[in-house]
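Shown here is one chain on its own, the form predicted alone, set out as structure tokens.
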């Protein structure tokens, strides 16, 4: 298998953590690339019409995207229901947490593009503030969750979202008002899958 990859992407990291937890990392070749909404990658677009990462080329040549689909495929490949729980309450909790964490990633990546790619004279601070509001509200909700009971697609996604905030927005200081969430990430971050996939410092 091949995975279109950038080490800073929290979505790609989610796939890599999943693969590591499932014992599939050695079967995936990483294809490194760099892209932004204004600098598309032609090879990637030929595989994924949206031009987004992650995109996984399976052993039979199919192309899967994006991270929720790729992660579920890897879980099925490894036998099923290891990262995605069986149907029932635990599954809905894991999928809800994945959606919440993906929303944090979406807002954070949009802020990153606004601040690093858009020309300064065109930047819209009120829009950035609105994205930060989504992130902060989601983090406050996660502070109330009991995350210690499972390491599944939900908590994997949360760990990757928090890692991206640390990478790109360290000055946000999200831990200050959320000590339980910070303590959880400190413990979860010791897992080999998260340690092995951490992005290099910006």
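Residue numbers count along the first chain shown, from 1. Since the structure is predicted, the reported quantities are computational estimates derived from the model, not experimental observations.
Heads up, the form predicted together with a small molecule isn't pictured, but that's what we're talking about next.
Engineer: Any idea which of 44 to 52, 137 to 145, 153 to 161, 170 to 178 reaches within 4.5 Å of the small molecule in the predicted bound form, heavy atoms considered?
Structural biologist: Within 4.5 Å of the partner lies stretch 44 to 52.
Engineer: Taking any heavy atom pair closer than or equal to 4.5 Å as contact, tell me whether residue 66 reaches the small molecule in the predicted bound form.
Structural biologist: Residue 66 belongs to the contact set for the small molecule.
Engineer: Should residue 36 be counted as a contact of the small molecule in the predicted bound form, where contact means heavy atoms within 4.5 Å?
Structural biologist: Heavy-atom contact with the small molecule at 4.5 Å: present for residue 36.
Engineer: Evaluate residue 92 for contact with the small molecule in the predicted bound form, applying a 4.5 angstroms cut-off between non-hydrogen atoms, and reply yes or no.
Structural biologist: No.
Engineer: Hey, in the predicted bound form, is residue 9 touching the small molecule, heavy atoms inside 4.5 Å?
Structural biologist: Yes.
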